[in-house]
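The chain below stands alone and is given as structure tokens, in the form predicted on its own.
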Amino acid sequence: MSRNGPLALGFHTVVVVFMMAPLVVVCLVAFTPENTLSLPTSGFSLRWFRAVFERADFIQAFYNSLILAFTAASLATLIAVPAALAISRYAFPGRNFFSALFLSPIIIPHLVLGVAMLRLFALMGVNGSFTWLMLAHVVIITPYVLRLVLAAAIGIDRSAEQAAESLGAGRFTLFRLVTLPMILPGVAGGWLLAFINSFDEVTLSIFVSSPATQTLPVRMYVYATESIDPMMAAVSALVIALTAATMIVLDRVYGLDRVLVGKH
């Protein structure tokens, strides 16, 4: 075991460097004073960050993404929690079917879902609606919440629930005071993954969004087809910083090991 230690450490180091290198390069390019995406840079400048904040379309796209991701992740959680509890605790006709149905968006390419939803929304006459864009996101992010809540629900000790029931606790009280606190790491982790996936989603959003409901990833994609300059690196660096800040706050408040692993 000890002989494999240096080899395993070296392998993990290579993997981490491989994953982190693009992020580091993007952040370095974001501070370049040049007009091209190149390294090394000739100096340090905030010109491209100022350019981002001067673009009203990028600011609006960021707010659209933030509101969309928060709302979609919250709705997905409200759907996934009762579904996960029902699937994990009760045997009913069609349980396996419903479980597969909830998880199916993970295995279906988002390109296929985007084309299908574009056609469906066109037939319904709701193309470009923010509400229907949000519902489309709910469909593709619900499996992330469901999987983590399922893992948390299966692993909890139900003796506390049985004790609460024997003392006369009603269903809602039992869920609010006993069950929910025990599955909260899975719920929080699922919400976080759903939020991140919704915020970063671009393939499906291209098909079902409109200029008024354009999200930040879609706006970045459209801009990249028109012009390639360090402003894209600046936007990416801001998104990386926002994600890192969210993870740090979550770790300080709740603990990432509990949220992402589902410990209770």
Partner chain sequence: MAFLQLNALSKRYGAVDAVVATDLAVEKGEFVSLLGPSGCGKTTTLQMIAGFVDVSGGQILLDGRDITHAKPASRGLGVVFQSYALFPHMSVRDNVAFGLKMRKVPAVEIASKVKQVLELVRLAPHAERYPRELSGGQRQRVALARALVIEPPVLLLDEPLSNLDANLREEMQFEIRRIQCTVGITTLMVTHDQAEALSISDRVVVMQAGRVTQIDVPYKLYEHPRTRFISDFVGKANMLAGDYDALGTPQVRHEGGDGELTLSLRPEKIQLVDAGTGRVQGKVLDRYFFGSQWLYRIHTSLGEITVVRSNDGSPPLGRGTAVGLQWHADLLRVLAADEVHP
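No experiment lies behind these values; they were computed from the predicted model shown. Numbering follows the first chain given and starts at 1.
In what follows, reference is made to the form predicted in complex with its partner chain, a form of this protein that is not presented.
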Heavy atom within 4.5 Å of its partner chain in the model of the complex, from candidates L85, M134, V178, L75, belongs to V178
Identify, from the list L103, I154, V115, A163, the residue with a heavy atom within 4.5 Å of its partner chain in the model of the complex.
A163
Answer among 85 to 93, 180 to 188, 138 to 146, 107 to 115 for heavy atoms within 4.5 Å of its partner chain in the model of the complex: the stretch 180 to 188
How about I79 - does it come within 4.5 Å of its partner chain in the model of the complex, if we only consider non-hydrogen atoms?
no
Classify L193 as contacting or not contacting its partner chain in the model of the complex by the rule of any non-hydrogen atom within 4.5 angstroms, answering yes or no.
no
In the model of the complex, does G168 have a heavy atom within 4.5 Å of its partner chain?
yes
